Structures are given as structure tokens and as C-alpha cells.
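Next up: just one chain, as C-alpha cells, the form predicted alone.
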Amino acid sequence: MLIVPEKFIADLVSAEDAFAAVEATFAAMAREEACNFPVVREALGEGRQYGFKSGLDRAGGMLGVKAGGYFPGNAGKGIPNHQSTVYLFDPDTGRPTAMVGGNLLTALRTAAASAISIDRLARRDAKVLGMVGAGHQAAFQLRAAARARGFEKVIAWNLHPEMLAKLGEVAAELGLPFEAVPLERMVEADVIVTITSSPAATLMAAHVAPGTHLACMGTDTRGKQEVEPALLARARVFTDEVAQSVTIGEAQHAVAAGLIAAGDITPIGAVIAGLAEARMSKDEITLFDGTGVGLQDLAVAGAAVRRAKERGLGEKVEV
């Protein structure tokens, strides 16, 4: 088994690598060549979450599981709140093949998923990017979105406005003007990325203009909610996996309210594989419910392992 620690990941997997790996995985899911297993997620108290996401990609020859969660007290200890590790196994024998640090990989694969949705669903003439949320993953989301479209401006809102300064620095690195705005001004955005851990809707239907694409990336647990359910009723809804979307994703609330059904939601992989249409008109609102699937984690971990082997990095252990 090859151990690839967290310290190597930044040099092994680029944002472009993550985009390609996740896009291929979504397409494999749509072709029924890959499947995710049911998510296990438990609350540990004091805001801590721990769980497992796993799956099998027959096309890519990947079997594995990501173990990890959210530990809000970590920030005060100087370590990321999100902690995870990916374990890979030989799909034919079940023997472990790799253990890979998953913290940066989680941020990269999450940003890749939203960028894929922007690339496939946003209007080609999108110029204004709206960001809702300014936590650790927001910087990854901003950089990934900027690679998907030629934005000319970034507007942003966060519950704690003092956190927006760091996001503004990322926008400056990208050469983009940046402005902190109230939520009502999100109607100016052509693309909106939400990346919060909110327990109640923040972005309302009235905050979104016709023709907008939304990438809702923060809701991955029962009870979380970033946007008003009425917004999903106005939009064509896409997701990484329908089963997760309606149970732990943003769509859980709209489904519970009877505003949409599982059959109204299109897997983004079907668009990638040419099995479903993307945006149908310039005024259509499209919404991607990014719940985060185990196969995404396996895909980027597999990329890290391949690159580590090429460079002779990591530590081999007998198991």
C-alpha cells in the first residue's frame, strides 16, 4: 500500500487535474459504469460531523472510501475544520492499495464540480460572479469559477463580513474587481456560487435574476440549507447524484415541500455524456446541487496516487 500524505497533494494534483478527473467520473456515473454507496454521516456534538463516502468506478478501476468530517473547533488549533483521508482498494481482490490525505483533495474536487456545472450550464456571456460564503473553500470556488468563464467582476456576501477581505485578495490575484454587497444585489450576478454551512436558507428566489446559473455547494447533510426552496421550483435543477440531492442535498427541502420531485432533477453527468440537454434558453435559471459524492474523492485520490508513483513520492508499507 502506498501512503501519500497531505503535504504532497498540492504538488501532485492541480485544479485542472481535479476538473478532468471529476468530469470523467460524472460521465461514468451517467453511463452506469460507476456507482456511489450510501453515505454514512453522524453528528458528534458541538457542531462536529463525521462520516464515510464510498463507491465503485468500474470504468476507472477504482474502489474506495473517504473517511472524515467537519470539526469547527479546529480553526482555533491552527488546522482546517475539514479533515479527511481517502482509502483505495483493488476492486478485484479488495486489498488496500493507497491511503491518501484528503483535505486539499476535498476542496479541489468540490471546486471542480461547481466549475464543471458553470462550464456546462452558465451562459457563455456571463460577466459577473456572485459569491455567497467566504470560508476556507470559497477561495477554491472563486479560482475554479474564474477558469470556467471570463468574468469581469466579483460581488460577494458573507454572514460575517470581515471574512470577505481574504476573498477580495483572491479576486485581486485574478485581476478581478471585487465588491462586498447585500444579498439583494445578487440579482446583478450571472453566476452565483453558494458555499456556506447554513442551517437555514440565505439566498432567496427574489435575489436571483432570470438567466442565472447557481452552483449550490454547501449542503451535504440532512438539515443544511443555503437557498429558498422556491428557487429550485423556478430553476432547472442538476446535481452530482439524484439520490443524495433529495436526501442530504439542497433539493431535500424543495422535495419535502412538494415543489419538485426526484424526476425533475438531471445528473450533470448526463449532460457531460451527451444524454441530456444543458441550458435551453438565455433566460432559464439553472441550479447545480453539489452534494459531494464518494466517487469524486476516489477520482482525485487516484490522480494523486498515479502522480506520486511517477515521481517516486509516498511511502510503501506492507499490509
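Not measured: the values here are computed from a predicted model. Residue numbers run from 1 along the displayed sequence.
Although it is not shown, the form predicted together with nicotinamide-adenine-dinucleotide (NAD) is what the next lines describe.
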R109, T202 and G292 each touching nicotinamide-adenine-dinucleotide (NAD) in the predicted complex (heavy atom, 4.5 Å): yes
Interface segment, criterion being heavy atoms within 4.5 Å of nicotinamide-adenine-dinucleotide (NAD) in the predicted complex, picked from 130-138, 172-180, 87-95, 204-212: 130-138
Selected contact from R124, H160, R222, K77, since only one has a non-hydrogen atom within 4.5 angstroms of nicotinamide-adenine-dinucleotide (NAD) in the predicted complex: H160
The single option of A189, V237, L231, M217 touching nicotinamide-adenine-dinucleotide (NAD) in the predicted complex, heavy atom within 4.5 Å: M217
Contact test in the predicted complex: T247 vs nicotinamide-adenine-dinucleotide (NAD), heavy atoms, 4.5 Å: no
Close approach of I118 to nicotinamide-adenine-dinucleotide (NAD) in the predicted complex, 4.5 Å, heavy atom: no
Residue contact check: S197 to nicotinamide-adenine-dinucleotide (NAD) in the predicted complex, 4.5 Å heavy atom: yes
Contact label in the predicted complex: R149 to nicotinamide-adenine-dinucleotide (NAD), heavy atom within 4.5 Å: no
Heavy atom contacts to nicotinamide-adenine-dinucleotide (NAD) in the predicted complex at 4.5 Å, residues of 66-86 in sequence order: Y70, N81, H82
